[in-house]
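Quick heads-up: it's one chain on its own, the form predicted on its own, in structure tokens.
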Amino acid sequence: MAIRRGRGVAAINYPTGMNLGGDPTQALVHSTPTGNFMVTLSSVDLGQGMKQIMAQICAETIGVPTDRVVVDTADTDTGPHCMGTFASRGTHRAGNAVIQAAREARQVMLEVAAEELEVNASDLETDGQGNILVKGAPQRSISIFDVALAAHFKRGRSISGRGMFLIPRSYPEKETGAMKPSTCYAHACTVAEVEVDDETGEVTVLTVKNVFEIGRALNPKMVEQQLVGGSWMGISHALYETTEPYYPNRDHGGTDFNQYLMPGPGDLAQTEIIVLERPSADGPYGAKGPGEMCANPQIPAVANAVFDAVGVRIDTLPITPERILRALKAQASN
């Protein structure tokens, strides 16, 4: 009986969004009378940072500081249409819709500024700090605050825009069934190192090294936090989480989260995250969707590491000590 060490590798790719009716998402952007901007969506922030990213995308497109943008996720009764927050689609689909809406609002803003400065709208640019300047003559400028006031109370213009992102739908080929379910894919590779006690079946994950290719990281710190948290979730799925025993009855099943088995801080492995940026051609500023993918490759990597350590293949989750011991016993009897 001994503690045996193993290493496992797994690589995956993951589609961004889905191929259902074009997977559409709409966005609305409008200016307040004081030059702040409101983004209206029906895409929901589940804690993944949707509101922050949409504010950044809108601000970058219009040319204002991010703190001048407010994101309202409304609801599906009153907000613009969205297919939903799932399938790692939020940043890609909603982000593209926000860019379209923000570009339209920016154009109206520049047209009003051009009237105030008596120049052509094509001769204007923003400085990213809340001002609109004449190209080549930055001393001639007007604040976005003043432009918004002029639009509302002098020019009778609505600084607003509408956006809708729709992917080209892919239909299966009749002969082969081949199709293109997504316009872009994120990628990941995980290397997990474990120790397995071949007497008790207990698995200890020592290190998890992850490489994620996610297009472009629009907010690197938020991306890092999501990827680290996803890596820990992947370990939890691999070794701990289950609603069993479920059949034939729930008599011995957990009844609440006090009894639901998950890893604690002492169970989490040393985790390393490397982000590769390969901007997507159709992503908002190159972004893809890393959401669900971040918890996927750890599961097969841990399973492969267990196999490398003790030579048994566990193909049912979670990889519990009982399942490992049963597999070892079956192996020894053959």
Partner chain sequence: MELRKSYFADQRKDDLHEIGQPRPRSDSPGHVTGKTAYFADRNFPGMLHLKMVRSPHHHARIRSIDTSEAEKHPGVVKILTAQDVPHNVYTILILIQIGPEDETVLADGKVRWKGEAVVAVLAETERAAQEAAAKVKIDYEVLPAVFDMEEALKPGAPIVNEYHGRNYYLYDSGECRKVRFGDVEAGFAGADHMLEQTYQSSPIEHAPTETTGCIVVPEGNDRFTCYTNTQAMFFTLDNASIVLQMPGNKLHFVGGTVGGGFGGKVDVIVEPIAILGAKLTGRPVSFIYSREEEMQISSPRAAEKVVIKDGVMKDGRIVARKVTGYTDAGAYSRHSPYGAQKGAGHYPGPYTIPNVWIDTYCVYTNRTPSSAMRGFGVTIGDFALEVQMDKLARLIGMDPLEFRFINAYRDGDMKAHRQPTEGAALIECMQEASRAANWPVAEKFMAMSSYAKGA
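Residue numbers count along the first chain shown, from 1. Just so we're on the same page, rigid core means the largest C-alpha set that superposes within 1.5 Å between forms. In this text the structure is predicted, and so the values were computed from the model without any measurement.
In what follows, reference is made to the form predicted together with its partner chain, a form of this protein that is not presented.
For the chain shown alone, residue 257 is a contact residue for its partner chain in the model of the complex, at least one non-hydrogen atom being within 4.5 angstroms. Although the partner is absent here, residue 269 lies well away from its partner chain in the model of the complex, with no heavy atom inside 4.5 Å. Residue contact with its partner chain in the model of the complex: residue 7 places a heavy atom within 4.5 Å of it. Remark: residue 226 counts among the residues lining its partner chain in the model of the complex, judged by a heavy atom distance of 4.5 Å or less. Here the chain stands alone, but in the model of the complex its contact with its partner chain, taken as any heavy atom within 4.5 Å, falls in 249-257 among 111-119, 135-143, 158-166, 249-257.
Shown without its partner, the chain has 42, 44, 45, 46, 47, 48, 49, 51, 52, 56, 57, 59, 60, 64, 65, 66 in segment 39-69 as residues with a non-hydrogen atom within 4.5 angstroms of its partner chain in the model of the complex. The rigid-core alignment places the CA of residue 22 2 Å or more apart between this form and the one not shown.
After superposition on the rigid core, the Cα atom of residue 254 is displaced by 2 Å or more between this form and the one not shown.
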